[in-house]
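As structure tokens, one chain now follows by itself in the form predicted alone.
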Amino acid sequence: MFFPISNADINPIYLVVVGFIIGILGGFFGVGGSFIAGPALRLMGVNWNYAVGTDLAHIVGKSIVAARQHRTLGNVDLKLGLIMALGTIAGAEAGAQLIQALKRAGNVNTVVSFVAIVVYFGIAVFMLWESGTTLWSGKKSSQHRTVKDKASKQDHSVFGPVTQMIQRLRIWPMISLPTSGIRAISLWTILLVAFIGGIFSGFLGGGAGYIRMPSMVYVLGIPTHLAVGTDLFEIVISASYGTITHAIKGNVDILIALVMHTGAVIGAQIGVVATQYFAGPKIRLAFVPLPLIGVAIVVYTLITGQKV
């Protein structure tokens, strides 16, 4: 099937399957799946600027479905999500402007590909070290506890001392996040985490949950299940803005986004249900191979010269 906006010829079944996989990832990990979606679209010859904008467009609907499910399960901190949306929107615009600058320079595909490789690989290595060490170091829950009890007891991290140090920073204004169990944290810390995630969202596509979800756990100290649900809620707001700003710049193929969305809606609901059967460290450990898949696809497109 030919998509005239991005000038790409792609099998719609391929797009539905990719959307379905990304939907599961989004519901389970609280990420938009851009480390899969962007490279998957590049693999079919879609230029990076279209891959970024189109990925943002398709994850909006999927995130609405997944966030609603997580809200029902009590996994969404609305106050935190609304605050982070402000920082993410500012960062997304900055990232979109970087894409525009590279597009004008004529090297958007090469630069974004190399940045994606470094970022995805770095995240995978860090989360492998952290989650693996956390599980190895122990504090195993009793076999008689429920899954949610296990999650609350096991959702510790070897990165904990750094998290506590960050939370002790007293930079006014300080706010509380009762839903996430945080008595006081600087508003600027939250906005900085969100802004950095927003830059990656605007530059590499998706909701940048691959940056924001780990940051919410390791930097802000949010329990993993709440980080997953809150990130999805925040993505609905920030990705909507990102879609609009990229659409204005001509970087969205809405037809591709709609086809991918048909599979993503189904996958998202499956992913949400699956989170109830895993403790925090196991969710983070399961996340590790996914950015590496994205790295492999990007490397392949560079080697084979897919419209670079």
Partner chain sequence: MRRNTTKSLRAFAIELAVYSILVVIYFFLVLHLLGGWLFYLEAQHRYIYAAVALLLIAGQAVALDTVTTLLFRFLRGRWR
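Take the two forms, superpose them, and find the largest set of C-alpha atoms that agree within 1.5 Å; that set is the rigid core. Positions refer to the first chain, counted from 1. This structure is a prediction, so every number in the text was calculated from the model and none was measured.
In what follows, reference is made to the form predicted together with its partner chain, a form of this protein that is not presented.
*in the predicted complex, does residue 247 have a heavy atom within 4.5 Å of its partner chain?*
Contact with its partner chain, yes.
*Any chance residue 47 has a heavy atom within 4.5 Å of its partner chain in the predicted complex?*
Residue-level check for residue 47: no, no contact with its partner chain.
*asked:* Whether residue 5 contacts its partner chain in the predicted complex should be assessed with a 4.5 Å heavy atom distance threshold; does it?
replied: Close contact exists here: in the predicted complex, residue 5 approaches its partner chain to within 4.5 Å, heavy atoms only.
*Quick one: is residue 1 in contact with its partner chain in the predicted complex, heavy atoms, 4.5 Å cut-off?*
Residue 1: yes, in contact with its partner chain in the predicted complex.
_Using a 4.5 Å heavy atom cutoff, which residues in 178-197 contact its partner chain in the predicted complex? It's fine if the answer is none._
If the 4.5 Å heavy-atom criterion is applied to its partner chain in the predicted complex, 178-197 yields nothing.
*For residue 54, state whether the C-alpha moves by 2 Å or more between this form and the one not shown after rigid core superposition.*
Yes.
*Core-superposed C-alpha of residue 64 shifting 2 Å or more between this form and the one not shown*: Result for residue 64: no, shift under 2 Å.
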